[in-house]
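Let's start with one chain on its own, the form predicted on its own, as structure tokens.
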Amino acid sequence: MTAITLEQAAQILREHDNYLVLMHKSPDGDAVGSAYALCRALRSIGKKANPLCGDEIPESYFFITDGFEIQDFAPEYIISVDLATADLLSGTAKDYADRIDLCIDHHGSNTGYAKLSAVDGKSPSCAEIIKKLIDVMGIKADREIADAIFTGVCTDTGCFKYSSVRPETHRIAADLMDCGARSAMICRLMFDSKSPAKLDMERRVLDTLEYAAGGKIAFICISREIMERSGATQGDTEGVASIPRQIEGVRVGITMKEKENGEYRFSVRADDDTDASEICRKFGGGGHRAAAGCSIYADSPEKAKDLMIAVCIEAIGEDS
């Protein structure tokens, strides 16, 4: 891996064309917002650019994806955004795992999988880096770009309430609003709007709540059965991972999503004294100190759960 500045990244993006921008599996607001904002920005200067995610983009991001048509070209330059490790690619995106030319990311746990990397581990969101990058390129954000970036910033900061938020973050958000970002609508959709199916799914998930380490670890499971019975979509699971960590006395919150073929995806949320990214790195994942993710392949959900809880117990220094 070779680390580069945003100025160097901007020059590279001016020189190349036919871009493919990769997102991680189970894409969140930061991944979707960063990818679509970068593609729109590149298209605005005459480049060809398409986003790609191996998983379906949740419907909740319709205001970012609507009207965005996929262009017909053979990818020549591969970019990843908000991707700590190539192991977090899925589906057709995995085909490009060893071909990534440029990584733009904000995870301190980034594994250096790309040929070139513009990584700022202190940035609260990848979208914030994308905004700085297009500013360096001299691209003025229109409403579509501003909406996408604002979505990434607000979702990865918990609507600006996480400790990672800096004064600069608010200044960037204000600039995006000046560019037309529909901040009120976006925050309402991301944080204050739930479908009946999502509420039913959350109710069922709460029934799976378990504790370990004397209540310092909380675990919930989003099983395939729960998804089917509630009628919820993958997009409806957004934000559920914060629930176990919200419980008083809990130091590590674990959310397990049951996927196909023995895959169980974990979202880990930790307190200030515990490193969630270190926990997930043991299973090939990564992320931030406070929030990280990974996948475990196991014969049963119980085995996957036990493996994760054992590592979490070790991380907080408890017996069980």
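What you see is a predicted model, and the numbers here were worked out from it, not measured in a lab. Numbering starts at 1 and runs along the sequence shown.
The form predicted in complex with a further copy of the same chain exists for this protein as well; it is not shown, and the discussion that follows is about that form.
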query = Of these, 140, 229, 122, 203, which has a heavy atom no more than 4.5 Å from a further copy of the same chain in the predicted complex?
reply = 203
ask   = Taking heavy atoms only, is residue 113 within 4.5 angstroms of a further copy of the same chain in the predicted complex?
value = no
request  = Answer for residue 160 alone: is it within 4.5 Å of a further copy of the same chain in the predicted complex, judged on heavy atom distances?
outcome  = yes
message = How about residue 92 - does it come within 4.5 Å of a further copy of the same chain in the predicted complex, if we only consider non-hydrogen atoms?
response = no
query = Do residue 72 and a further copy of the same chain come within 4.5 Å of each other in the predicted complex, heavy atoms counted?
reply = no
Check all three, 275, 290 and 297, heavy atom within 4.5 Å of a further copy of the same chain in the predicted complex = no
note = Only one of 98-106, 113-121, 161-169, 83-91 sits within 4.5 Å of a further copy of the same chain in the predicted complex by heavy atom distance, namely 161-169
note = Taking a further copy of the same chain in the predicted complex and a 4.5 Å non-hydrogen atom cutoff, the residues of 98-120 making contact are none
